[in-house]
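Form predicted on its own, single chain, as structure tokens, below.
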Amino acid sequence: MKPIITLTMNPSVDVAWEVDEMVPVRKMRSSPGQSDPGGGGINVARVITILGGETRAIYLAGGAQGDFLDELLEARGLNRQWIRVKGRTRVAAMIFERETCQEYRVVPPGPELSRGEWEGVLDLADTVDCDWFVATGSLPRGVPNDFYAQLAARLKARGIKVVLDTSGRPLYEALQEGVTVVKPNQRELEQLTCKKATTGAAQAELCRQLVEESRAEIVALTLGGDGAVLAHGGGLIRLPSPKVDVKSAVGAGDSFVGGMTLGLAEGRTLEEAFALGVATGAATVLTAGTQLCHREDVARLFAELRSAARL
């Protein structure tokens, strides 16, 4: 199996703290804090590595924060390709309030890329050697909304399967081109279709619609604690979310993408790959702050889902 390649156009250094209570003005004494490499594609690559798969994370980073990001990735043994940019990589914050068990997340926009910087990534897509390419996360300032659409067109022309997880106009533009797998959440699906997806029937219909219109071969709709829905040419699958002790939802969607993509790349059935994605996302919810899943948790939850769904 060739390595799964992931792309992160707008990575971050993710810093997480815990405080007793969020209050204005007064100093809040926190836990020592933890720093992790962040951004959609980086998280997907981290998960694939945790699960024993082969991957290579391509990411754009710059400044002292970019150096620190690479140190964090090196410490985790991630196979990676760093594209240096002039702008400074962003630092995102997550604060957990112990009193209410609420999470507060602050995510800045990141650097502005030049035309030459983002066009260089498109040129790189003409040379990558992979069967599966995962493009996830937001686009930095300066990058056109149709960037992922341009990227998908180049990759598809070479027979490479494209997995997409983004939002807003970049998602709409990319699905005009069409991808192999798209993973929206409920809010993103509603924004994309301009329709409400609050019922199971509506969710199923909107996912089927994207498949029938050839905007994606597979649509994986994640619904948090309500599980996930998968639509493809052969029908529809719905899986519940495993019952877990929720500690943090940070990275759960990226983890789903990592687990499901690995399952597909390994040649598992679509049903099994979908269940692996659901299990991986749930396993990440079990970890605090910006941590991701543990392999043993994924294996246990995957076995439970397979048994319950008779896969």
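Numbering starts at 1 and follows the sequence shown. This structure is a prediction, so every number in the text was calculated from the model and none was measured.
Just so it is clear, the following notes concern the form predicted together with a small molecule, a form of the same protein that is not shown.
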Test of understanding: in the predicted complex, would Val107 fall inside 4.5 Å of the small molecule by heavy atoms?
no
When the contact criterion is heavy atoms within 4.5 Å, does Ala64 count as touching the small molecule in the predicted complex?
no
4.5 Å heavy atom contact, Met28 to the small molecule in the predicted complex:
no
Going by a heavy atom distance of 4.5 Å, is Thr180 a contact of the small molecule in the predicted complex?
no
Ser241, Ser138, Gln191, Gln150: which sits within 4.5 Å of the small molecule in the predicted complex by any heavy atom?
Ser241
Residue within 4.5 Å of the small molecule in the predicted complex by heavy atom, from Gly225, Gly200, Gly168, Gly142, is Gly225
So, Val246, Ala249 and Phe256: all three within 4.5 Å of the small molecule in the predicted complex by heavy atoms, or not?
yes
The stretch from 277-285, 29-37, 261-269, 54-62 that lies within 4.5 Å of the small molecule in the predicted complex, judged by heavy atoms, is 277-285
